[in-house]
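Okay, here we've got a single chain as structure tokens, the form predicted on its own, with questions on binding and movement later.
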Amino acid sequence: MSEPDTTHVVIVGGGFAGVACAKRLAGDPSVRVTLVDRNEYHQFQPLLYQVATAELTPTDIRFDLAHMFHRHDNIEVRTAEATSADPQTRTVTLASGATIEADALVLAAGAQPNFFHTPGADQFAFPLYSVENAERVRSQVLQLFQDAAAKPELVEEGALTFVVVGGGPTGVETAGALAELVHDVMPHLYEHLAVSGAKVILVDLGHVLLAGFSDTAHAYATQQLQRRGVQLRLGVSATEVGADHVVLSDGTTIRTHLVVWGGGEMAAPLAARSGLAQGRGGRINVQPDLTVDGHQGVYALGDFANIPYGDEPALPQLGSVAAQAGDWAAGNIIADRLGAGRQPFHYRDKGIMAMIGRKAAVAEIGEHRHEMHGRFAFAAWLGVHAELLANTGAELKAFTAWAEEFYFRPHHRSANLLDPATVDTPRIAWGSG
């Protein structure tokens, strides 16, 4: 617990919600904050697919948490894994066995992939929810091209067939970036390798892409992906994932050694070990003020929570929702201390958006969902992401320069990130299956 004259706030998770909460409390002498995360860094999750497809390096989207708060004496960053939480005592237990007791407990531990019990997916699919995930995808892609260059007949064994599961923003963005990497960048690195046999296939049980968007956006995303050579398999699901194949619900088997899983997410494992009831997606249901019903001083935020808003049972799992909720929760913690009373969360809707590829983006902005495509959608995407980056204290000039280069520069310049010598992934046992 805290000293009598201070409030001890324990924040579990250094994502958008946890960082925003800590930033709001930073410098307040009446509050002592312990920020706990298993990593030493905050990861900018919306750009993980750019790392996976070698457009960015991991260091471009990784921000040191200790450095982020080094000027604030009331913020302590602890690199540790929270294995369980007790909402009754507002206590967090770490993997080391140590416990931390709080006056206010903020659970913002993020998400993990939801494989929906698909056989083999947890073992063989490549999720895209962390920097490590993105690095694995990148390494696998580079290894597959190396192997196919050394032995072109491996193309017939699916060496250059890449499957993306999920037709939401993660799947669409990843499929578009992979297609551009395969068809526009790799030929410059492997000039002797005929990449005509390379395929990017997107699979989704729904019948449209970007289901939460408008019909116009569905058509735009479809057109843009197909223009980049992406094959769409809609209305079917992945029913099995193996080391060298994926089986679809229509009975089709696709030979592949890379299945990127963007088919859904659920709350991180801490949710199941918190003693709190779990709602949709394994997330913790919260009240409008972001606290957990029946537990004073316990908040759940970001991808860890189902946050009701208006007529919606839960807001979508977006970075802007998480960041705003983190800031709001901090405000409510301060209000509690002052005896002013907590306020229901008011979300400022930034809209929804997806980057389909270079010079191709779609955005539906604001509560009325004003739709934009192409350059204007990219500008909206850039603005929202710049605001999220500013929340981490990142250097926006560097981000803006990258984004402008990404949108306008020739494809072949990306090849300088594709150093085969950096590949560090288990070798594929060709022909062993």
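Everything numeric here is computed off the predicted structure, so don't read it as measured data. Residues carry their position along the shown sequence, with the first being 1.
The same protein also exists as the form predicted in complex with a small molecule; that form is not shown, yet it is the one meant from here on.
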- Quick one: of A198, A360, A111, A85, which gets a non-hydrogen atom within 4.5 angstroms of the small molecule in the predicted complex? A111
- Among Q324, Q317, T118, T256, just one has a heavy atom within 4.5 Å of the small molecule in the predicted complex, namely Q317
- Three-residue site A17, V36 and E81 fully in contact with the small molecule in the predicted complex at 4.5 Å by heavy atom: yes
- Closest heavy atom of L248 to the small molecule in the predicted complex, within 4.5 Å or not? no
- Report yes if any heavy atom of V12 sits within 4.5 Å of a heavy atom of the small molecule in the predicted complex; otherwise report no. yes
- Message: Although the partner isn't part of this model, could you tell me whether A52 comes within 4.5 Å of the small molecule in the predicted complex, counting any heavy atom of the residue?
- Response: no
- Task: Find out whether any non-hydrogen atom of L388 is located within 4.5 angstroms of the small molecule in the predicted complex, and reply yes or no.
- Result: yes
- Item | Segment assignment from 277-285, 200-208, 302-310, 235-243: heavy atom within 4.5 Å of the small molecule in the predicted complex | 302-310
